[in-house]
Each structure stands twice: as C-alpha cells, then as structure tokens.
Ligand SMILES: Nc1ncnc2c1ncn2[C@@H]1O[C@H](COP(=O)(O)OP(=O)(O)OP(=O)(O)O)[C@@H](O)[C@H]1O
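Next up: a single chain in structure tokens, the form predicted alone.
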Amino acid sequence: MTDLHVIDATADHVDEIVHVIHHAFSARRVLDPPSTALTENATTVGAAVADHGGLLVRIDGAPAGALLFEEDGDVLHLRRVSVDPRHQARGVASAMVGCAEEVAVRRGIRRVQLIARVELPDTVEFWRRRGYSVVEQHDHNLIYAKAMPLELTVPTADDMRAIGEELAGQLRAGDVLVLSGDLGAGKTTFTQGLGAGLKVRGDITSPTFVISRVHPSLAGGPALVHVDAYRLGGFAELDDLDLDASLDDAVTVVEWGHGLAESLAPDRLDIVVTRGDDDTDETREIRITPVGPRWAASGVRVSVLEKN
C-alpha cells in the first residue's frame, strides 16, 4: 500500500521541493518560450515558502510532488505544480491540489488560480477535470481559476435573509441557484433575502403547490424565478416548466434542485442549507459552491455575518 502524505512546506523542506521541481520540469518537452522553473533554487524557493507557504508530497518517505503558493488579495496562486516523473499516475497531483484548495478555504480566500501551457494537453485536461475554468489567455499561457466553496454558520433566520440579500448584489440575469437541504432548514428564508436584494414584486413563499412563480423586478433588474422541485418526478418534468424561456433574463432559484437542475446552466451556485438535530435551535449551516467560469472569474463573498 502506498504511503502518501501531503504536508505544509517549511524551511526544512526547501531542498526536497527544489529537487521535485527540477525533476518534474526537466522531464517535460522543451517549450517556446521555455519555462523558468529550472532556475528555481534554495534561495528562491525558501523565500516563496517563507512568504506564502507551499506543499510537499512524500510517498513512502521520498519527495514526490510539490507546489508553491502566492497569495494576492482574494486569490491563491498555485506555482510550480510539480510531480516527480517516477511518481506520476499515482494520485499525487490530485491529492496536492485538493489540499491546496483546503488551504484556500482555511485562509478565507475566494479563488484559486494558476497558469497552464496550452501546448500541454494532458495538463490542460487535468485542470478541467478538477473543475478549473479558463478565465484569461496570454499567448501560450492559459489562466485557470476555480472559486472556492463558502461555508457559514448562520445564527438566525434574519441572518439567513441578510445572506440572501447580500448575495443578490452579486447576481445578474442568467444566474442559476440550485438550493437543497433539510426540510424547514431555511431555503425559502434565504430566497426571501434574494428577493429583497433583487427588489422584486410579491412575497417570496414556498411554491410547493404552484411549483414555480415569477417575481418581476421593481427596479429594472432581472426577475426572480422561484421553483420548487420537491414534487417533480425527474428532469423531464422540470423541463416541462419551460424555464429555458426565462433563463437568460432572470435569476432562477430551484429549491430541492439537487440532481435535477444542474443541467440548466454550466454556471451556477450550488447551495445547501442544513439544520441541527435540536428543533429549538435556529442555527443553520449554509454551503455555497460556485460552479463554472462565470464564478471562477469573481468568486463569491458574504460579509454580513462579519458585522455581527
């Protein structure tokens, strides 16, 4: 059994990281212009680790993978993502990138970003499979990004509405939100906050018996289309609602949409609201997972709870 460990890089790991970077990049075919990775040394890597950190992967005690971090505002850049050729196809890169994303979440960083060369199709495909999207291209360099999930503990129903209202300010026509969670957890409460932020007409209530409602804007913005998929038997019944006719012009929220509504749009927010076991406790947990290039370019921010 492979003994694979991903560890936070320190000054003690600098020589191992340099070793991995040189082995990984020297094994790649020569590109034009060439990569500057082989110029890395103990001084440059040591400075990078001291300033922003990094990761080292060991397999059976031997250095197998490494990457360096560079933090810039709300973006965590991944640099020198390297796997020693002797350890390729053993899950090193996937384990390392998964841990890097956990670092970003712990640091409260909204997006992870990196540069990949267009001439390396296997590398490009790897980042695509990991959910990264191209947000820019400069000559041969593809700028990949991925928005990080946001996990919040929400003390009260008023706080849940406030989160929805703040999030509404980041939405635009064509956005889709797939809303799931426990019965009575606060999905409709969250949607009421969205409605307030979007300044739409009509009270936002659970549309269980109507299945969908359209709330026009009172301020010249997008309408809010509120769908409850709880009683729908599958995607065919969701498709019968003809949501495609309004998708481009409205913000669409589908409650109980997990497993049904993801195909409505490649860009969406997957939102899960859960409650505790104690019915007397108002506290809820909300997880907002941005999906697709639209969110990879901006990420999601919720700051309303920071004021409490």
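The structure displayed is predicted, hence computed values, not measured ones. Position 1 is the first residue in the sequence shown; the rest follow in order.
One more form of this protein exists, namely the form predicted together with the named molecule; it is left out here, but the text below deals with it.
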Inset, instruction - Would you kindly say which of Gly91, Gly174, Pro155, Gly98 lies with a heavy atom within 4.5 Å of the named molecule in the predicted complex? - result: Pro155
Legend entry - The unique member of Gln170, Ser217, Asn141, Ser206 whose heavy atoms fall within 4.5 Å of the named molecule in the predicted complex: Ser206
Legend entry - Interface segment, criterion being heavy atoms within 4.5 Å of the named molecule in the predicted complex, picked from 175 to 183, 131 to 139, 110 to 118, 194 to 202: 175 to 183
Inset, instruction - Using the partner position in the predicted complex, report whether Lys146 sits within 4.5 Å of the named molecule, counting heavy atoms only. - result: no
Inset, instruction - Tell me, yes or no, whether Met160 is in contact with the named molecule in the predicted complex, where a contact means a heavy atom of each within 4.5 Å. - result: yes
Legend entry - 4.5 angstroms heavy atom contact with the named molecule in the predicted complex for Thr188: yes
Legend entry - Any non-hydrogen atom of Asp51 within 4.5 angstroms of the named molecule in the predicted complex: no
